[in-house]
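Single chain ahead, by itself, as structure tokens, in the form predicted on its own.
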């Protein structure tokens, strides 16, 4: 890791202007409560407080390529325990969304799954497990798709037997136009998920 942490305001301004709740990192006092609280801290390359420090130091590439910003599971433990009440989850998700919008995919599988999930919600208002799996598995090509499908075949059969996956395609929900209108408005305000 780079040790030079001199202040460079350009990337911080970029985050404040383009990332949901980005300005909230100004309140971080580097106590480390978020890092200590996170159940995934051992898998992150940088804990949230370090991400915030790196933003202030202008480490744009390091921040936007960090796996940490794609790992947040929204458990809210960090946010509940933050003595300053910083919406850590919003910032981390905002950074992930911003990185994806810039074409940076540190965890490509997560980004692909999220995109396919939101496209299905937008299209029908619900998730079709078999179609979502198919699109996700085959996103990297036919050979990879076949391998992933075979690896998950047993789970697919169990889901089918327990009624968790239907054979026929899912139908659109009633009021799909209203849902799409809400999702479009959310995307316009910058609060939405992946682009649909």
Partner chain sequence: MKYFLYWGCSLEASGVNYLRSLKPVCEALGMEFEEIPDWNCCGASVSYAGANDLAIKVLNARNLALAEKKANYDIIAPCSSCYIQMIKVNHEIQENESLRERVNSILAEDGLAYNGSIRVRHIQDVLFNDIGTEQIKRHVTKPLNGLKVAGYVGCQSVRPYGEYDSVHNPVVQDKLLEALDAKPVPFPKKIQCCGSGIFLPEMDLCLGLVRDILDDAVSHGAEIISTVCPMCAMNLEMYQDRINEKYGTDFDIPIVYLTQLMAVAFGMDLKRDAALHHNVIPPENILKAAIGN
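On a predicted model such as this, the values are computed, not experimentally measured, just so you know. Positions refer to the first chain, counted from 1. Definition used throughout: the rigid core is the maximal C-alpha set that superposes within 1.5 Å between two forms.
The form predicted in complex with the partner chain is left out here; the points below concern that form.
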Quick one: does residue 9 come within 4.5 Å of the partner chain in the predicted bound form, counting heavy atoms only? no
Does residue 158 reach the partner chain in the predicted bound form, with heavy atoms at most 4.5 Å apart? yes
Even though the partner isn't displayed, in the predicted bound form is residue 70 close enough to the partner chain, meaning a heavy atom within 4.5 Å? yes
The partner chain contact in the predicted bound form: residue 141, any heavy atom under 4.5 Å: no
Heavy atom within 4.5 Å of the partner chain in the predicted bound form: which residues of 97 to 132 qualify? 97, 100, 107, 109, 110, 111, 113, 114, 115, 117, 118, 121, 125, 126, 127, 129
Quick one: once the rigid core is lined up, does residue 17 have its C-alpha move by 2 Å or more between this form and the one not shown? no
